[in-house]
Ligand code: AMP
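The form predicted alone is given below as one chain in structure tokens.
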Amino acid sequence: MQTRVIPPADGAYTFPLLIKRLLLSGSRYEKTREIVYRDRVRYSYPTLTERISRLANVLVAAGVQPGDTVAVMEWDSHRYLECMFAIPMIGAVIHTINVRLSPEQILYTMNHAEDKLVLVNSEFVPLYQALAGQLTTVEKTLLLTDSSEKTAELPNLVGEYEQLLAGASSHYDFPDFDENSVATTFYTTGTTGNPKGVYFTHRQLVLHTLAAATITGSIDSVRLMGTDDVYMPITPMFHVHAWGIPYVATMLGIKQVYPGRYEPDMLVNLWRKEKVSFSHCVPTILQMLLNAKGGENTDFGGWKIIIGGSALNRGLYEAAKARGIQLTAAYGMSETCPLISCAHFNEELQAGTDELRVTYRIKAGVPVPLVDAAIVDGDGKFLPADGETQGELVLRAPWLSMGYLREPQKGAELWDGGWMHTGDVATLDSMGVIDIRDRIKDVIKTGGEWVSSLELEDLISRHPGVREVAVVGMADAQWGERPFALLVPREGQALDAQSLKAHLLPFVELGLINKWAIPSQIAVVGEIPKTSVGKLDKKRIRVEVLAWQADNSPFLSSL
């Protein structure tokens, strides 16, 4: 196929898609809107722009050059937001360290990313001190603190953040450079091996920002965030750039509230004081909010929250709705920047029943603009989008990570056949709706039949006595595997395998599940193991269940 390409006119400016373009828009639209950090700091958008320039001057004075990697060990704050702009805008790469990983994993990620300078929150100084002797590329450190103490025992300390900014110039001429330059990197953990580094370019992040702004602000049926909203992330900024929404909020000049370490009562107080109207989080963080002492009997009316990271089950949806929170499911992965799909109601669904709309609001949703989605079988053959046929979800979009940092073989596996492989079992229907049925590794095979752990979790969540649930497949000599349910009861509620069976039997009669999908053994616990970003840790759950079964633990209840 021959296409026609017309070269630009002499002197025409080729406009690179760089993160600095997102920053300049916020002050243009809303100069007086605020950036808020807990109950400590608040300032306007012009001040944000000035502080980012000051930080850029500090970094360059510390020896940071284009292409260097600058790491951040920090809770969600105004400082983190400034780093998300200043570091890539000088041509360096920001490494958002997952501070909830084990020290050994953090050490691996810092050496693998080849961090040169590290910004360290004072809370993490002991952690950093324990790692310092084994770091192979770090040359300097920079202290971040909320306290009056402006120094710490950090090797090659450049100084304290606020003091350095105060002494730096308020102007920085951010250069143009190749939009395909890497801007960010962070590490995602799997079931085995070391964490894998994903990375994103300026071009990818700008396109992702535009798509996220479109889907959150332009779809009337699920409109989530506009310029009059107040935004507070409850997904860590170290996890996929807080899902990229800080870039959207900054581009639009929206008031932003950063809560620091996630403390339930602080989150509730900030919601109340700052009139927060839009957030995003994983289901376990929402559970934490709903159970916060400071939020008891509180009507959170007007709070719109996107749920991602794990499936949104109906029980949690109804519990949040009863407290005034409007939940909307979305789907993505670390490797996808992360936004892939979000709930959307076309005219057919708008005209449907409330029950139908809820059903579609908790699905993964419709791919956002510029995303192609398909399902394939084990041989890579494309399967029909009929809402019934299940296969692995594969993706194409302009912001998907092009591989794993310094691991070309794993990157080739991720992109086998020219599509990104998600590892998720899903269906697509005629409206384009993605329905995630399970992770491939979490599907339960019992008696030759496949059982979705996510489907079981959704049905079990509707039990009035269940606050949280996780379902895993455990080895069984007769059936190959059997579903095992881990349950956290609501306060004052008693749960056992018999009551769970009684709850699930009506769903069997409706044909939603088969009888053999009912767990024959459960454990009632006070807390379910979570990963570093708040997802259900099913690998650890399986290990703990094996130990309980071996010891005939009193946690267990059997039919």
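Residue positions are given as counts along the sequence shown, with the first one as 1. Just so it is clear, the structure is predicted and the values come from calculations on it, not from any experiment.
We do not show the form predicted together with the ligand, though everything after this point is about it.
Original post:
Is there a heavy atom of residue 331 lying 4.5 Å or less from a heavy atom of the ligand in the model of the complex?
Top reply: Yes - in the model of the complex, heavy atoms of residue 331 and the ligand come within 4.5 Å of each other.
**OP:** Please run the contact check for residue 535 against the ligand in the model of the complex: heavy atoms, 4.5 angstroms, yes or no?
**Re:** Residue 535: yes, in contact with the ligand in the model of the complex.
**OP:** Considering only heavy atoms, tell me if residue 246 and the ligand come within 4.5 Å of each other in the model of the complex.
**Re:** Because no heavy atom of residue 246 falls inside 4.5 Å of the ligand in the model of the complex, the answer is no.
**OP:** Using the partner position in the model of the complex, report whether residue 359 sits within 4.5 Å of the ligand, counting heavy atoms only.
**Re:** Contact check for residue 359: no, nothing within 4.5 Å of the ligand in the model of the complex.
Original post:
Of the residues 183, 311, 86, 215, which one places a heavy atom within 4.5 Å of the ligand in the model of the complex?
Top reply: Comparing distances to the ligand in the model of the complex, the residue within 4.5 Å is 311.
Original post:
Considering 196, 202, 467, 239, which brings a non-hydrogen atom within 4.5 Å of the ligand in the model of the complex?
Top reply: Only one option qualifies, and that one is 239.
**OP:** Specify the contacting stretch among 108 to 116, 135 to 143, 223 to 231, 331 to 339, defined as having any heavy atom within 4.5 Å of the ligand in the model of the complex.
**Re:** Every other range fails; the passing one is 331 to 339.
Original post:
With the partner left out here, if you bring back the ligand in the model of the complex, are 424, 439 and 454 all within 4.5 Å of it by some heavy atom?
Top reply: Verified in the model of the complex; spot residues all in contact, yes.
**OP:** Quick one: name the residues from 38 to 66 with any non-hydrogen atom within 4.5 angstroms of the ligand in the model of the complex.
**Re:** The stretch does not touch the partner at all.
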